[in-house]
Ligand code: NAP
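Okay, so here's just one chain, in structure tokens, the form predicted on its own.
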Amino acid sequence: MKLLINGDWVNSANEGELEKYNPSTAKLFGKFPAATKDDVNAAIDAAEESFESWYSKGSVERSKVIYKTKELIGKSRSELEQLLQQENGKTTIEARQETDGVLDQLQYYAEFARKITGEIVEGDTSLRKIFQYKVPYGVVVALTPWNFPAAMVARKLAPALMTGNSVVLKPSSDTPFTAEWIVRKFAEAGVPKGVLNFVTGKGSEIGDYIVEHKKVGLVTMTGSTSTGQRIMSHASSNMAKLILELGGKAPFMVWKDADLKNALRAFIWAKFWNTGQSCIAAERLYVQSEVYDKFIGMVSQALSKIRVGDPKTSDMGPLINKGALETTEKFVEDAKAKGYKLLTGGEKPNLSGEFTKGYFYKPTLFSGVEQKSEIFQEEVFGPVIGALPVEDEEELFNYANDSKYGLASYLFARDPNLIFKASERIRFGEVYVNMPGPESSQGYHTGFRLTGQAGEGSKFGIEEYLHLKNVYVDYSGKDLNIETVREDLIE
């Protein structure tokens, strides 16, 4: 594996390397470069130097590169799917779905070649005009997470490049190989030298440095809230634009008139998709008291049947690393200590062969959890959830909004009045009503509170990568009458 700097695939400046382990087996998957600050400087310099020529090509020419990247990935998608399983631990279905998502993102953003528009506004007179149009920021730093290592790379690179920015990509150290694979497809598709650069390494060593670099105009990052807050602090010295998608604590709400089978189908997806490692994962289950026992029984029975193990043949794969597994175990032990009722799960599965040391954990459900408990207030990011009955609409809305996060939420109900009330009262960036996620390319993926700022997807997301520039023009040809300038000063 190599770094991509100014069009060349190279080792890190000091030849340093880091190790990546397969989450299913805990065996060494591969080694990758530990980039230095010198590598970061070289990558950002290359991006800055190539920016003007890339922007001047125009959006139609830039879109051709995005389309070509999609074509190349589509032809070799089986490689990407296999990589997602080995490096991330995704199941066969999840790997296929994420690859579909990559192709969809590239198609969607490439189609914006002729859709980025501005306005011409009349000035103070009819012979004065204000031209308002959108221009790129210049050098974009893209920091991508490990939970959707292919889709997030595509969702950041495609709009950034489409709008004429140059990019330095730094992926999570848990999934650098997937990111490199996609970057190589962009390079093969014809992204010019220096326009797209790729560095890997520890965030603790190059993360702060890269976001506070004086040549960086925009930072887009998906990850934890604590990391986002750190980025805000360091990027402030340069006043870089920020696009931050951070933590989530999605409430999954089931009302008494809901289609319980559909609610169950959606809940299993919303909570245990990607082993619960998703920013839009269901993290709190609220069920109206009249159907609470029935629905919780349905959930408990279903979870006991979920197959955990080999990603190629199971329903649910491993957590990303040992630390994630330990965090999950701590949430479970804390819930047990508080006396919450464990209905199913609560332990590692009994696997054999090469999977005995993998980072697997059974789907886990607790009942009777308190609203202020840690399992209801902190992001679990694993296959563990608590449930709580609610009596009326007001209690439902108050409990749902009682979170420092505000990304996704789910509601299953038939009553249109409740649905419309929830649409207004639930203070989350996304509300899924009688359906599962994930977000669509044409939807604006954004959240409230500590979930972050700005967003991705849709025309609003692509505009995040653009400044709105104003040019004032007077073409009357008349002498200017400026009241604060005496005419006797003008000869």
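Just so you know, these numbers come straight off a predicted model, no measurement behind them. In case it trips you up, residue 1 is the first one in the sequence shown, and so on.
Absent from the display: the form predicted together with the ligand. The rest refers to it.
S.K.: Exactly one residue in 163, 328, 147, 86 has a non-hydrogen atom within 4.5 Å of the ligand in the predicted complex; which is it?
M.R.: Spelling it out, the residue with a heavy atom inside the cut-off is 147.
S.K.: Using heavy atoms only and a 4.5 Å cut-off, determine which of 213, 284, 170, 185 is in contact with the ligand in the predicted complex.
M.R.: Contact with the ligand in the predicted complex is made by 170 alone.
S.K.: In the predicted complex, which of 77-85, 308-316, 335-343, 147-155 comes within 4.5 Å of the ligand (heavy atoms)?
M.R.: Correct option: 147-155.
S.K.: Going by a heavy atom distance of 4.5 Å, is residue 134 a contact of the ligand in the predicted complex?
M.R.: Residue 134 lies outside the contact set for the ligand.
S.K.: Does the 4.5 Å heavy atom contact test between residue 180 and the ligand in the predicted complex come out positive?
M.R.: Contact with the ligand, no.
S.K.: For residue 386, is any heavy atom within 4.5 Å of the ligand in the predicted complex, or not?
M.R.: Residue 386: no contact with the ligand in the predicted complex.
S.K.: Looking in the predicted complex, any heavy atom of residue 70 within 4.5 Å of the ligand?
M.R.: Residue 70: no, not in contact with the ligand in the predicted complex.
S.K.: Scan 117-141 and write down, in order along the chain, each residue with a heavy atom lying within 4.5 Å of the ligand in the predicted complex.
M.R.: Heavy-atom contacts to the ligand in the predicted complex: nothing from 117-141.
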